[in-house]
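Single chain ahead, by itself, as structure tokens, in the form predicted alone.
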């Protein structure tokens, strides 16, 4: 969400952002509704002032004048009711439009849809096998490390159940990520996956992506697709002390996504599932572009170092305006190599949102001069499984169906080098 004053002063900039992000938003309509809200607000204020003045006059008026004032008061009360109703409707319409207004994207972002994404760098060597490699589903079933058909019997399509060493390997991945983040002074926090509508609006998931979220109507709750939802909501409505910023969280939680529109795309095994586990990097910092850029680089660097520690080949993408979503100022993806696909697939997503989320969630801080400002927020994946687990298994498989354990994970697996 953008500042209304900014939109009024920079309508062409906002229109360009709408076009660049491929959104369906009429900025002229937004400005017209905003003008109507301001006009109705002025008229309501004037009518209320008139009522107050009339009440004072009534107290000292004679009976004849009071009769006139009573008739005028009745008419004024009707007018006040009408103004309040019209203002309420216009304000709700304006809020809906504001919630769909995008952040102005970084000037260096490629303009276009997903096809305009740019690979900026790559790291690591893709593995070469002296045997015919298996995909992760074949490997897991060969070792009896997972149940796919039985899990689908319990939970439907895209369900899975890990077993034995696969569970331990997944736990090791998350412990590894948490240790790295703690070394970087992040506060480890487990957050609810069951959330109300408020943090979903604050994060930007609602109203535009409601169909992608699992709803629990009986309790007015939803299943969050990332710890970021709860982490934005934790400090909503607060005024933080600038001296306490930045706040850096390593949020861990189960995550749930309906994956609407992804039918037939990377749906085999563990690549695109409805329930997964994730450690999320999340930062609240002061409203300063340079500070935000510094944190963006640090979050991306942390994710790259995690993947490098695992010895997995990957590439970094600069995400185009039409692929980054309405709230993103800048976005970089890390795509990790999957031998079975002979392709890279996204495993991490690093995003700067400036004050777009903070305005939606009313997340503020008091500056040293006493000014209250909206904070900036950023997020990036640290480790998300089971997709990264699938990459790890495929890239480290042996001819007899075993899996080599990367050195960084061995302390969490009793020193074992092979599973």
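Between two forms, the rigid core is the largest collection of C-alphas that superpose within 1.5 Å. Small disclaimer: the values here were computed from a predicted structure and weren't measured. Positions refer to the first chain, counted from 1.
Absent from the display: the form predicted in complex with the RNA. The rest refers to it.
### Query
Is it the case that 52, 239 and 372 all touch the RNA in the predicted bound form, with a non-hydrogen atom of each within 4.5 angstroms?
Contact check passed for all of 52, 239 and 372.
### Message
My question is simply whether residue 65 lines the interface with the RNA in the predicted bound form - judged by any non-hydrogen atom within 4.5 Å.
### Response
Residue 65 lies outside the contact set for the RNA.
### Message
Quick check on residue 89: any heavy atom within 4.5 Å of the RNA in the predicted bound form?
### Response
No - in the predicted bound form, heavy atoms of residue 89 and the RNA never come within 4.5 Å of each other.
### Query
According to a 4.5 angstroms non-hydrogen atom cut-off, is residue 157 in contact with the RNA in the predicted bound form?
Residue 157: no contact with the RNA in the predicted bound form.
### Query
Does the RNA get within 4.5 angstroms of any non-hydrogen atom of residue 367 in the predicted bound form?
No, residue 367 stays farther than 4.5 Å from the RNA in the predicted bound form.
### Query
Ok, 73, 209, 171, 272: which has a heavy atom sitting within 4.5 Å of the RNA in the predicted bound form?
After the contact test, the surviving option is 73.
### Task
Could you work out which of 77, 293, 141, 85 is the residue within 4.5 angstroms of the RNA in the predicted bound form, going by heavy atoms?
Comparing distances to the RNA in the predicted bound form, the residue within 4.5 Å is 77.
### Query
in the predicted bound form, which of 346 to 354, 22 to 30, 359 to 367, 385 to 393 comes within 4.5 Å of the RNA (heavy atoms)?
One stretch meets the cut-off, namely 359 to 367.
### Query
Which of the residues spanning 1 to 40 lie within 4.5 Å of the RNA in the predicted bound form, based on heavy atoms?
Residues within 4.5 Å: 4, 5, 8, 38.
### Query
Honestly, after the rigid core fit, is residue 26 moving at least 2 Å at Cα between the shown form and the other one?
False for residue 26: its C-alpha shift is below 2 Å.
#### Entry: Rigid core fit then residue 100 CA moved by 2 Å or more between the shown form and the other one
Residue 100 C-alpha, core-superposed: shift of less than 2 Å.
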